Ligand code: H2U
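Next up is one chain by itself, shown in structure tokens, the form predicted on its own.
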Amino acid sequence: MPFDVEMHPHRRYNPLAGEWILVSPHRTLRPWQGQREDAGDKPRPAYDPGCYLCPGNRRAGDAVNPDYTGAFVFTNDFSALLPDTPLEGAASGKELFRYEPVRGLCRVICFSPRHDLTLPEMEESQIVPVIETWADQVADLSHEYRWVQVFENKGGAMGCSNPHPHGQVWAGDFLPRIAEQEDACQKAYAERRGRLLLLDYLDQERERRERIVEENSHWTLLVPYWAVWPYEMLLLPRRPVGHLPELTPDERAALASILRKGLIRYDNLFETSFPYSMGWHGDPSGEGDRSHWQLHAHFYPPLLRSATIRKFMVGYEMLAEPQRDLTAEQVAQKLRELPEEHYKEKPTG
């Protein structure tokens, strides 16, 4: 029997991170008797008096939220990074016990005053201010910090401790490991080819049409060829863009549209509020040439077979390299075929 990429185990290379992933499509028929998650898709009120993030409520750090009506940003009451970490007297340690002090800032971004909404349930006109806030935060913090990470953890399966629609931005005076990998890979490709890695990749994906989930005149949403998580997606602008503040008003409006449509497909897949971690990667601040960078967003959802069965990164994945069963092509087809109307808007009766 000749090799069939949809049937036989193989490895795929991720040129953005310089890593490999094992793909085992023949394992999709294996039975599941393992752990099942709580779908956690219970109705929520528009306002929860016990929520730390709702307008007018007291937060865990004892500050009181204003009666905000749109996107709302505040410094995280329990920040992982601190702007005043002492630097004097800090030693790097010996070769096998190195450390370095870091400074940074962590903020929380409430997407909406409504406690019962998520991004796919918001109108495009309500998502645009969220995008504006993301861009403003990057513009503000990149003056002082090397890396500004905008991200959202959605759902209890991703460790989100509060269901109110919100994301975060962490800024640090260092380049994190994954950003360092992407920087090196994009730079090496640009030096070899004289072009942007992700735009070359996008051109080929748009020719093949195998893994594209959604696109418009400014953006393409696809399942990357090298996807690790079962329903992972990658979002790319279709022109060279370094970071969020560079987006035009038209691109921001188009981003709101494709975000909403893509996330509705996620929710519709298992008819649940689909958990994920997503985040933006753009060019680091500081000196030096950054023209090899292309803005992009990663979406990493954990669900595998249903709203209650998730993918676990254990065993071989922790000790050798990531592994997946469904191919990226199969996943993209599933997502493409889903309706664009949110499952909660289905007529009843």
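Keep in mind that this is a model prediction, so the values were computed, not measured. Residue numbers run from 1 along the displayed sequence.
Note that the form predicted together with 5,6-dihydrouridine-5'-monophosphate (H2U) isn't included here; everything after this is about it.
Here the chain stands by itself, but in the predicted complex one stretch of 154-162, 229-237, 187-195, 122-130, 154-162, has heavy atoms within 4.5 Å of 5,6-dihydrouridine-5'-monophosphate (H2U).
Annotation: in the predicted complex, residues Q149, A171 and H281 none come within 4.5 Å of 5,6-dihydrouridine-5'-monophosphate (H2U) through any heavy atom.
Between 5,6-dihydrouridine-5'-monophosphate (H2U) and the residues T272, Q181, N76, T220, the one pair within 4.5 Å by heavy atoms in the predicted complex involves N76. Proximity to 5,6-dihydrouridine-5'-monophosphate (H2U) in the predicted complex, taken as a non-hydrogen atom within 4.5 angstroms, holds for one residue of V64, A46, V314, A60, which is A60.
Interface residue remark: A256 is not counted as part of the site for 5,6-dihydrouridine-5'-monophosphate (H2U) in the predicted complex, having no heavy atom within 4.5 Å.
5,6-dihydrouridine-5'-monophosphate (H2U) is not drawn, but in the predicted complex it has no heavy atom within 4.5 Å of H115. Heavy atoms of V108 reach within 4.5 Å of 5,6-dihydrouridine-5'-monophosphate (H2U) in the predicted complex, making it an interface residue. Proximity of R260 to 5,6-dihydrouridine-5'-monophosphate (H2U) in the predicted complex falls outside the 4.5 Å heavy atom cutoff.
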